[in-house]
Ligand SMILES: CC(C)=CCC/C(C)=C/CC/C(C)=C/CC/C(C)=C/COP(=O)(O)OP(=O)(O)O
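Presented below, as structure tokens, is a lone chain in the form predicted on its own.
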Amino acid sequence: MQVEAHLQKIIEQDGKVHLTLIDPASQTPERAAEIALAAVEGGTDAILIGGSTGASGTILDETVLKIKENVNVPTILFPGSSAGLSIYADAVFFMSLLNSRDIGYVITNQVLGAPLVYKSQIEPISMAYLVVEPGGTVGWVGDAKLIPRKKPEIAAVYALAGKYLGMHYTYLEAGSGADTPVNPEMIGAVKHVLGENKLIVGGGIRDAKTAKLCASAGADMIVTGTIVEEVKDVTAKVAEIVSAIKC
């Protein structure tokens, strides 16, 4: 089964999807595989692999391979640029940072990366990527014109544009390690215009209460990343969040 269809099936069965994000630049491939396995034991549905800086080349390939050796859930690339691609992953979020001032993050990296995706037969999952205040490293690296937290209507029209351009997913990103996640009003406004298209929310989600708030507001998929690098018991933390968001 293809990855996008697999995630859709999980949504139909469980109501929501949980994704664990691992940055290859933050630890060794062996440690990344340990985190991935612990997250899967906690109930995560897929592993996202990528980061804003340093997540490319040999370290990326080795991390993907080590994770695939240890888990049986899909591995999905979450690239910061065309350099964030690996032929060893199952799929890639083929995304455009729609609110970037830099055309490189809107289309140029996608043009550079497309041939590798085509030749390697990695499954591309089209996605509109929107960075919301505070934005964190990705907002700075991607030169994003950050969407104000208190302007849900701006996020909604960006998401609508992405939908009309044919993108299957929309990702609302507050930034890795953000103090606060995307607020429920913005999540709800975006999901309202997306309809059946899937909404992913990440950044600043560190506990079950926050995850449930985002899921209840309309997020179809919840991403946690920084927290799994910080806690001692990854399995318990992921299980706590997964149980809060699923039916």
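All of these numbers come straight from a predicted model, not from anything done at the bench. The first residue of the shown sequence is 1; numbering continues from there.
There is another form of the same protein, the form predicted together with the ligand; it is not shown, and what comes next is about it.
**Student:** Check 162, 169 and 194: does every one of them have a heavy atom within 4.5 Å of the ligand in the predicted complex?
**Tutor:** So, no: the whole triplet misses the ligand.
**Student:** Residue-level question: is residue 56 within 4.5 Å of the ligand in the predicted complex, judged on heavy atoms?
**Tutor:** Contact check for residue 56: no, nothing within 4.5 Å of the ligand in the predicted complex.
**Student:** So in the predicted complex, is the ligand close enough to residue 51 to count as touching (4.5 Å, heavy atoms)?
**Tutor:** Judged by the heavy-atom cut-off of 4.5 Å, residue 51 is in contact with the ligand in the predicted complex.
**Student:** If we define contact as a non-hydrogen atom of the residue within 4.5 angstroms of the partner, is residue 79 a contact of the ligand in the predicted complex?
**Tutor:** Residue 79: yes, in contact with the ligand in the predicted complex.
**Student:** Does the ligand get within 4.5 angstroms of any non-hydrogen atom of residue 238 in the predicted complex?
**Tutor:** No - in the predicted complex, heavy atoms of residue 238 and the ligand never come within 4.5 Å of each other.
**Student:** Find the only residue in 75, 99, 176, 86 having a heavy atom within 4.5 Å of the ligand in the predicted complex.
**Tutor:** Selected option: 176.
**Student:** Have a look at 154, 146, 116, 141 for me and say which one sits with a heavy atom within 4.5 Å of the ligand in the predicted complex.
**Tutor:** So the residue touching the ligand in the predicted complex, by this definition, is 141.
**Student:** If we check the ligand in the predicted complex, which of the residues in 84-109 reach within 4.5 angstroms of it by a non-hydrogen atom?
**Tutor:** Contacts from 84-109: 85, 93, 94, 95, 96, 97, 105, 109.
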